[in-house]
Each structure stands twice: as C-alpha cells, then as structure tokens.
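What follows is a single chain, given as structure tokens, in the form predicted on its own.
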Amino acid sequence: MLTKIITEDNIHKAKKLINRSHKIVIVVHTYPDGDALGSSLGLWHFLSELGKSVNVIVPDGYPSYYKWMPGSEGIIVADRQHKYAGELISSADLIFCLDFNELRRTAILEPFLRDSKAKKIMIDHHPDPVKFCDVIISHPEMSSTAELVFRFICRMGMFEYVNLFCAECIYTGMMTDTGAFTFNSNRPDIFFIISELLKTGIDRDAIYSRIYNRHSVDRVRLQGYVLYNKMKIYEKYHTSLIALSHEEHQRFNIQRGDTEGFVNIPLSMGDIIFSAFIREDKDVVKISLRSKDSFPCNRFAAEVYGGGGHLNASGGEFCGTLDEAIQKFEENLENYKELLVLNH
C-alpha cells in the first residue's frame, strides 16, 4: 500500500476541477527533461481515458530519445507554434503545471499563463513553490513529479485508468529523475509503484535502452573529449568542473540533450563531492550542479547564480560570458569549503 502523501483536501479540490473541466492544458518547464515529459504525457493519457480534451504544451524542444514515448507526437512546442499554444492556454478551463514551481521557468509560456483565467493545479517536487495555482501539490521529498502524478491518480481512486501507455510515461519520468534509480530512490514506496506499473505490461529494460542506449557517434566522441580535455579537478574542494563553449557545441554537432548526464560522471570518483557542468548557450550560460551526500548544491545554485533545485541536483543561468561564469564558480568555492569535506 502507498502512504497517503497528498492531502485529502487537495485531492477533493483537484477532482472537482477535473470533473468540471472540458478543455485541459498541461504545461511544463523550459528545456523539458524526462520527468517533465513523462509526468505530462502520463497525465495526458490518464485524462484522455476520462474522456477529457487535453493538450500538452512545452516551451521549447526536447531530446530525440524521448520521442518514442506514446503521445509525444501530439506535443505542442511553443517556440514553433507560438500562436497556437497561446490560443490553447487562453481557451482552457483547467491548466496543470507540472515539474516547475514558478512561472518564470516556463519561459515563452509565462505571459500566456499569467493572463489565463483558467483554474490551475501544480504537481511538482521542487522546494519552495510560488503560490500561483489554485491547488498546489508540492512534495520535494518525492523522487519525481512522475511519482506524484501516479500518487495523484491513485489517491483519486482511479488506478484502473492507468493503461500501458500511461504507465510507460510515468516510469520514464521516475527512472530519468533518479538516474535509473541510483539516487533519491531509497523509499520502499518507489518500488511498490514500479511493481504496480509492471503489472500493466511495461518493459522496463526496453525503456532503459530507449533512453540510455540511443546515443549518436558525435555524442560519444564528445563525452571522450569532455573527460580528457575539459574536466578540471579542484582537489582542495573535492570538486569538478566541466565547461563547454558554443564553438565546441558546433564542432561536435551537439543536439538537444547530448550533454545530459555529463555533470554526473565526475561524481563516480571517490574524492569528488560536488560537480558542475557549465555550457555556453546562444544567449545565456547554463549551469548544472550535482553533489553527493549532504552538500547543498541547491544553496550554491541559489546564492551564486540565482537558481535552485534539490539538495543534490540543481542549476541556474548566468547572463554573461562563459569565462565570467567559470570565474564566479571558482571564486565562490572558498565560501563553501567547510561543507566540501568527505564523510569517510
């Protein structure tokens, strides 16, 4: 049996809103990852089974290795279909906000969401949610938003509407946001959920392969280049940094999602507690941070780059040059030296 994390009041309010709604839109954050896509498509399948008219809208593109997911062909990408995305949001009577806790994380969709008169339901697992929704289901202790979507469906007593396609999407979200269940996945509830998803007929081995064994030659070559030429170790701080310029992106023909997971690799070394991946995008520098044990990389992200996230997984953006972003990272390590110590 699952523990009842979501309150009865939130379930009652959400269920009432769903029953009253005819046009539902599901939105996620910019640069959608496996959890954003898995949770939104899982919810889409569930609501479609209820006979609702539902659309999933993402602010921008996502990695090609997620395009196998059932229902992904119907996703509206706002930076390609801007007007249509706006029309759907303005005509919706209910909007689900998944895997983000503040409107600015929706980028191009933010003005539409602010202007919308629709009721809004947040389902998210990031800390410190901003109160812009009518119903806020926020549980940072959960492994993923996909896990919360599963719990949400079950708390409404509607598990029978979780079909194979819905289960595949939810499992994908849970798997990708825990590094294939290698971190933030010690709770027994997680494996109870997996066992329930398996009962629908999902092939978890095939799902893993579709995500992690579909890399291009360029991506594999890039990984070798990054580890040999670009990884810098700060032994005093048990920290690693990988930085990539826009020119290097072009040289290796990097596609959306090709660098996903690079930030985790240095943490496989025993003496590394904190890992950063900084890459130069077209008009901003992207910051990805990961850590082991109790080092609060979300605090580093917030205080240094104005970002945020989870204790061991966070990020942010920097409006400046790549060199300035690196300098800012290096200058601030000293401020965290008392926390950057090995626990063994």
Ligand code: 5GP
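Here the structure is a predicted model, which is why all the values come from computation and not from measurement. Position 1 is the first residue in the sequence shown; the rest follow in order.
Form predicted together with guanosine-5'-monophosphate (5GP): not shown, discussed below.
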Within 4.5 Å, heavy atoms only, which of R219, K230, R105, H249 is in contact with guanosine-5'-monophosphate (5GP) in the model of the complex?
R105
Please identify, from 66-74, 40-48, 53-61, 310-318, the stretch that has a heavy atom within 4.5 Å of guanosine-5'-monophosphate (5GP) in the model of the complex.
310-318
Is the gap between S288 and guanosine-5'-monophosphate (5GP) in the model of the complex 4.5 Å or less for some heavy atom pair?
yes
Interface membership of R204, guanosine-5'-monophosphate (5GP) in the model of the complex, 4.5 Å heavy atom rule
no
With the partner left out here, check for me: in the model of the complex, does some heavy atom of H126 sit within 4.5 Å of guanosine-5'-monophosphate (5GP)?
yes
